[in-house]
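One protein chain, two forms: both are listed below as structure tokens, the first as structure 1 and the second as structure 2.
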Structure 1
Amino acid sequence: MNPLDLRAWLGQVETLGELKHVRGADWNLELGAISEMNVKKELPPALLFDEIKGYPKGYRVLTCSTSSPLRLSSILRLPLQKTHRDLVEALRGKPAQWKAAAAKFPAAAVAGGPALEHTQKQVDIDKFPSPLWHEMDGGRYIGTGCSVVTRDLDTDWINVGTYRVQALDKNHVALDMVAGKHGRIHYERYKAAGKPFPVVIVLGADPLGYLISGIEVPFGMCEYSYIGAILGEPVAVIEGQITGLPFPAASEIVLEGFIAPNDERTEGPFGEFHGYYPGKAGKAPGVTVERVYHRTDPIMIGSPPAKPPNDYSYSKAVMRSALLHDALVAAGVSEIKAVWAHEIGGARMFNVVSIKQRYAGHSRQAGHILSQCGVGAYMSRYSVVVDEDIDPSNLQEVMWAVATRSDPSVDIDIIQRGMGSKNDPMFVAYPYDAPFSSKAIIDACRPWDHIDEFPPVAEASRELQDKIRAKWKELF
């Protein structure tokens, strides 16, 4: 059994030389700005903040945990990979295997663990250094790299999702669960039944926890089982004293409580994953926290969104690309070479697939499914299909293909009233009464019916380039 111990993983990251210690930073904007500027580096280290202004030594915040190929491969228990290309290759096919194996690894309840070192019955969440991440945020966010645990009203389905958590006062937080997210669906059912909604919020654990709670694990499946399939052993969980909801036994900080029916609180605004503050303050369910469990000298995981690249855009690009690849294969699209969900679109809004064309209509089929499959539909604005000679993760190559292999009047399909979001920055300009969005499928493949006459690429052949590289080593 695995208690999802963050400290064991941090030890590994320290050995890899990818952990930087930062002392004396202020929770008030400094943690956010330092983390944001750090993540723009080529290979950003993880940052462990300690001696945070106004807080006791030992009360720490970890950021940039998932933003390098080495760290992400270690979190996913893959052989360690130094480059993003090797990581994507190592990950290929794995999500489908994990999904298939998940049922064999249900979480296992244990009586105790490090998470229970301290229990607050007189709740005071101000004890923890929740950052004010961005200048225009509506408040301090205690939960970003977190996992929110909920239970279905009528079944024993436990869901674990990453939803942002705003600290409101000593014992209240607001939970922003977008419509359609599984935690939101659970909440709506309790609300309709007029029942208090039990919630547990995990604010720090092995980052595998929030990595998986932040991606689209299938409806009805528990993320702990999926994590168990990655680990090859069940997650060891403790059941909360008042809700019975499970949290990893080595969790750093856990909030437990209820959302009373119709307890809606002012929440936000908050800088978002696509790089904007898409709205003003809104309403979100308010959690009354009745218990806090925490380890000695707890470490909160922060994963603040912002204009990409941001804290989690790299990990989302890698994970969502792998999931989209699997979804296309599962839908029967043949000859998929690679998929890339670009960080510039927050790994949602600008996705590219490369295929080896085999039949008329193949490229449109790939583009429409990329745009509409379960993993991809939410906020997928542009879906681009390119030939197999184009690297879908290289924007320069992708846009070259768009510029030279597409005829806009026939090669751009528009889907009206697709799945959008109230968080879409364009929402202000849309004419709809609900969060729809139009979607473009750009077919940037050589036209199938003229593929044999299509002009050859004016570029030195691979063989010639290899020869030149070998001969002119000092130049290349």
Structure 2
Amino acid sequence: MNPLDLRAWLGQVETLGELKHVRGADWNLELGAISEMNVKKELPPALLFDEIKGYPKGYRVLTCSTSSPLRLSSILRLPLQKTHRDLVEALRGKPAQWKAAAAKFPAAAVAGGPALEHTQKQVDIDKFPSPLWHEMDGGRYIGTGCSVVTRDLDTDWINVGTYRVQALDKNHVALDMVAGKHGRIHYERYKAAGKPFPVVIVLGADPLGYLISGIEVPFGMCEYSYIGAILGEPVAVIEGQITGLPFPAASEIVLEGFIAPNDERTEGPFGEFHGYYPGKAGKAPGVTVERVYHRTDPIMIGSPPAKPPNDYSYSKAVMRSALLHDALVAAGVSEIKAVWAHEIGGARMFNVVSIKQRYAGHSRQAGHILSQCGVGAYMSRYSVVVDEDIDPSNLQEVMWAVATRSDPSVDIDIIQRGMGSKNDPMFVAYPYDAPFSSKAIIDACRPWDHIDEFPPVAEASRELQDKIRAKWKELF
């Protein structure tokens, strides 16, 4: 069995009680609104939409795939975890191990697979139920939980990135690739050489594919090798008939084609991970789709950005929390108890670390490194440090610590002209053209020089709480 077969994973998720079937939703706003409202629940299930209005039974859309600890741990091939903290702990150190092992697992080309059950040469992407996700979107987005495969002009480096894809007509899509991203670098090189740019877009596959194509894999490394390190075996790929670009053999839906050197189309607007529309419609490269491959009864994966929590914000929070924890330890900060990159800040703008204070200045050290380390610097805005009795993923506990253990005049440090982004909704108010951003470090730990005299917390001890939960299970 192909280890990246989405249907095998869905079977596991259904056995875990984490999949809900939804029938009869409209692709026009309704599917998006249902998914958006679902993901705001405490433990939202994955949603598999079928019998979508105007489309045949069996043409399905999966959303909310990565939005729970159980599902995310299963996607990452980790022991199944039920809590945020346990999942972050299980993930710590793994990205470094996967990166180190990736070279041992190059993708393996195979002659066939489920992705080739149907091949469209007379292309019609309107066959698939691309959703209009939100009322202010500039059109229907066929690619959100997708993976875009490109090749470097001068080398054999294959990159797999997650970029949004707007459906334009039967055989054209607009591909928005952010400047500086690896796929964009590939595109710019072809454009400068005046050559058509080959592209493959995977619209449905095991969620591990788009999860990894959406994180920062090192320059020059192929994401398929990284995925192979997670799986412990090479990814089986099929080479496209038109471009030769590889895609997973068990893919659900694949688009293949070219971007002409000067083909730019109107694209957007579309919401971003922080919950805003940062701009109006713009220009993006237009892909002429020349082949479509798909399975019988294909499943498209949807993962649109929106006001957090959104479809993929939980997975970003977990991944970034583990990376931040590892970065703090690598920088020499001791006694790190837990880290959480909050979904409300798109897993970038509001990050919290809990520590066991051991020396004067310990909390400030942790806060500044959290704010400025390589993983945390981009678009970070608030970095909060709390004591070990505070759960950093519990916003109510964090803000209680901020309200009761910090003195604004001495416990808030401001860094001017830090790393920001023009994608920041606050960019419109900044006084400079470059993407600078100020950053706040909030020390919400008990003051070190008064730690022994600080008032005790009026709360049942953790030990007593554990005893009560064990004795009164029917209540808790």
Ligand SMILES: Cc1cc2nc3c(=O)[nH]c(=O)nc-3n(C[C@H](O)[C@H](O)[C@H](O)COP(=O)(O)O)c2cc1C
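Since the structure is predicted, the reported quantities are computational estimates derived from the model, not experimental observations. Definition used throughout: the rigid core is the maximal C-alpha set that superposes within 1.5 Å between two forms. All residue numbers here follow the sequence of structure 1, with the first residue given the number 1.
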Form predicted on its own: structure 2
Did residue 47 shift 2 Å or more between structures 1 and 2, C-alpha, core superposed: no
After a core superposition, would you say residue 467 shifts its C-alpha by at least 2 Å between structures 1 and 2? yes
Does the distance between the two CA positions of residue 450 reach 2 Å or more between structures 1 and 2, the core being superposed? yes
Provide the displacement, in Å, of the CA of residue 378 between structures 1 and 2, taking the core as the superposition reference. 3.8
Supposing the core is put in the same place in both forms, how far has the CA of residue 359 shifted between structures 1 and 2, in Å? 8.4
